[in-house]
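This text opens with one protein chain seen in two forms, each one given by itself as structure tokens under the names structure 1 and structure 2.
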Structure 1
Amino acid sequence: MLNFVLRRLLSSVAVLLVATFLVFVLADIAVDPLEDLRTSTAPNKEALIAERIALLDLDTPSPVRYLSWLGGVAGCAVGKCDLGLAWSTNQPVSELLASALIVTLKLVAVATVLAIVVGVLVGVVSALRQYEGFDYGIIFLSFLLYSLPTFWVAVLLKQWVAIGFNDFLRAATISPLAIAAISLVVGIVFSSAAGGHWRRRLVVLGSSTVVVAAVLAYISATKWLLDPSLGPVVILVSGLGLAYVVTSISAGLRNRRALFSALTTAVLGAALWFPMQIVFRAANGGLIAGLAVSAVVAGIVIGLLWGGPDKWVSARTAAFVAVGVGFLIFTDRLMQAWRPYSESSVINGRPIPTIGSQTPGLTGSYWVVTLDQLTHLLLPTLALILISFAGYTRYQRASMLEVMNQDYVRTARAKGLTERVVIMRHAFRNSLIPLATIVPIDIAALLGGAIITERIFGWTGMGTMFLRSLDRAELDPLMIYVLIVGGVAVLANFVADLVYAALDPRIRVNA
């Protein structure tokens, strides 16, 4: 393993050195930082040209300047970073990179995780319902979303999700016809996904339709969207439902210790809603992160305390439930800041923004500021999810279908294993191997900046920094962009190899 890591590390450094050198030389030939001065009519034109040549050291050959730039980057290892200067704004590249990288990470991280989780989940269900109504519907939706250009999706989201929803909040009531239509559509989707005998589908259709209709009717009658909240009762009921779902997937409902661990976690989590309202008064990023870690640890401890021969299965199940219940409590506290946020003078009753990463001039508590950041993330995140979701769904469906036809899956069924064990332990894990190549590379590409999405929604991330450095002929920001994206791409390939080894025991990285 150590030899593998060292070999990959050396080869990665060599690849980055060659790539950055070639880009530096080619960019130095292609861009002209003196172009604006050459066409200038200023009386001191020659003096300005000489000053910029001296500032950028343009008289020195590009290979020598590359070595100078590389030395500044290498100084980061000893705390003496010199990433160069964005000469058009006289801003150090380190400051420019810090702000752009944070914006891109905020934009990409949530979208990527949600797209992968939802895409893989839907792809698995689609494969299990092959040639049924749900499968055909997902195939159509996937190809539709995959074919739509990003800018068109962004425009639709601005019109219907932002402007349309903000207009809807003036009344915040849903018509009976809309309630019936939405409930029926949701019921049809759930019944198609459930599959099985027609009686089972009718039960799922009827129950889901009634539940959704009741929820929508309550939201409309109470105008819940103007002042939303969950409360301990909803959190408890949702937590108990989550406990059953997670247990059925992770351990199976026959594993009573795992089920009781999950139910105990859900009940304790709901009971903690009351003291958490006091704790949240001093909320900040560090506190929320600490509480998230504490929730995972608490779930593991509860699972271990229930014991049994497979106590770590119980611990894993309880940990997932603890994260889910903790997220519900966090969401409930965010909802409590909705009215102060939407009624503030700078928001003026239109809480879903269409541009920017934050609202200028907005002040308030940690929860108001966090809610503002999340609402600004909503549209660009949805745009990225819809496009990425289509690809992940198609990849996962194809991979799952291929695995389900393998001999070892048929052997597992012949041994009398339950369908949950066959799918989760034998088929699902192996179906993730192709995605182990796609996902890291997609993450590396997205980290380079979702250029179109950033431009449409007014985010100044890595993609915007790249375009501006090209437009202004600034070599230092361009090279840092290439270094970051290239480094992440190389790291993504390394991670993919490790994921291969984790998913497939036949693969050994130290072979």
Structure 2
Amino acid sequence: MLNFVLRRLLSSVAVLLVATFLVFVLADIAVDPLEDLRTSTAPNKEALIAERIALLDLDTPSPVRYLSWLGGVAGCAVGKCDLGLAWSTNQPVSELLASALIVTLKLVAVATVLAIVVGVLVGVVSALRQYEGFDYGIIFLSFLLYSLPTFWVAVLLKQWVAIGFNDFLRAATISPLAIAAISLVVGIVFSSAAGGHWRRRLVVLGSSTVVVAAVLAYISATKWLLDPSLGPVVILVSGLGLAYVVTSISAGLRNRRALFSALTTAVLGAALWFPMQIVFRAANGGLIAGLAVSAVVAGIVIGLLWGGPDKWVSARTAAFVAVGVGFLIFTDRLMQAWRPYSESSVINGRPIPTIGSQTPGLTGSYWVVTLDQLTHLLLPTLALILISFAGYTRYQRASMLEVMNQDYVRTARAKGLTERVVIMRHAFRNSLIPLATIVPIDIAALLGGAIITERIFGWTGMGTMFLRSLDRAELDPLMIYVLIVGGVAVLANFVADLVYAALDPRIRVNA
């Protein structure tokens, strides 16, 4: 094992060195730092050119300059970092890099997590409904999303989601025809996902259509979108619903202790809405993170207090519910900030922005600022999700189908286990193993690969740093970008191998 790790590390470093060297030489051919001076009409043109050549050391051949760059970067190992300079603005690369990394991480983290969760969920349902209407619909949708160019989707999103929604907010009423159409579509999707006997489908179709139509009608009639809020009642009702859903998936409704601990958590959470309104006045990032952690702990404690032979199942269930209810309370507080946010002078009633990562000149409480960041995240996140969701869905569907045809699933059914246990414990868990090898590589690709999304939505992250340095003929920031992207990719591949070996006992790691 140690031998394997060492050999992999060595070859990874070698690969990284060759890759960065290639890019350095190629980029040196591609860019022309003297471009602006060649066409300049300054009287001292020759002197300026000579000065820049001396500044950038252009007389030295590029392989030698690569070595000196590498030396500067290698200095990081002994604490003397020299990442170079973006010469046209005289900014040190380390400063550029720090801000770009933060922006990209903010952009990519949410999108990746959401895409994985939604993609896996839809993929599993699609596999369980193989060769039914829902499955065919999802297959077609994922093909379509796979074929969409990011830049095209992004412009459509800007037009329809942002500008369209902002225009819609003027009136904030939905026409009865639109309500009927939307609720019918949602009903059809749910009923085909539910599957089964036609009677069950009809029940799901009818109930979900009516519920959605009622909610939409309420939203339209009260102009809820202009001043949204949930309130303790809605939180209680949806918390109880969540408790039932989570229990039926994670423990089965027959497990009374798990159900009761989930319900207790939901009720307790809804009751906590009142004191939370006071606590939230002093909100900041650390407090919210602390509250989230304490919600998980509280859920686990409630589950354990209910006791029983499998109290950790109850604890798990209650913890999920606690996170859900906590999220609802958080959302409710954010919604309360919606009105001051959209009516503030810099927003001016058009809350969904199309560009940038924050509104310049916006001041306000923690909630307003958070809301501002979230609305800015909305469009790029949607664009990223639409693209990568398709891949995860197809992958998870294939993997789930493969597992469902395995002998051990048949054995589990033959033992008389319930369908929930067969799917959740025997099939679903094992179908996630191949995904564990994709996720690290995908995250690595997203870190450097959101180039187009960043460009369109005007986020100054890693991708923008790369494009800008290529445009301005600055090799130092470009090389740091390549080094980080390549390094993360190498690391991700390595992690994926180890994770696979750890999860699947059939795989042996030996050098």
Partner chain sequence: MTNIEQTLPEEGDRLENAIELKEVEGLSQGQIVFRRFVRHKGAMIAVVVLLGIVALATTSIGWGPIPGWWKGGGFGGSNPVEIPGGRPTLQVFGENGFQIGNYPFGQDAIGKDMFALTMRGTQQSLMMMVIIGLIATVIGVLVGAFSGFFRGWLDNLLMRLTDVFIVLPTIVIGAVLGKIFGSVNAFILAVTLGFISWTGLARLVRGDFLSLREREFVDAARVAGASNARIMFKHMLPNAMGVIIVNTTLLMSAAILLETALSYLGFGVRSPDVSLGLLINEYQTAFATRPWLFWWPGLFIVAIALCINFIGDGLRDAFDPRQRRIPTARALRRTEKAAAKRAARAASVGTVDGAGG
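Think of the rigid core as the biggest set of C-alphas that the two forms share within 1.5 Å after superposition. Sequence positions of structure 1, starting at 1, serve as the residue numbers. Just so you know, these numbers come straight off a predicted model, no measurement behind them.
Undergrad: Please match the form predicted alone to structure 1 or structure 2.
TA: That would be structure 1.
Undergrad: Could you let me know the angle, in degrees, that the smaller of the two rigid parts turns against the larger between structures 1 and 2?
TA: Rotation of the smaller segment between structures 1 and 2 is 15 degrees.
Undergrad: If the core is used for the superposition, what shift in Å does the C-alpha of residue 496 show between structures 1 and 2?
TA: Reported C-alpha shift between structures 1 and 2: 2.7 Å at residue 496.
Undergrad: After superposing on the rigid core, how many Å does the CA of residue 47 move between structures 1 and 2?
TA: Residue 47 C-alpha displacement between structures 1 and 2, core-aligned: 6.2 Å.
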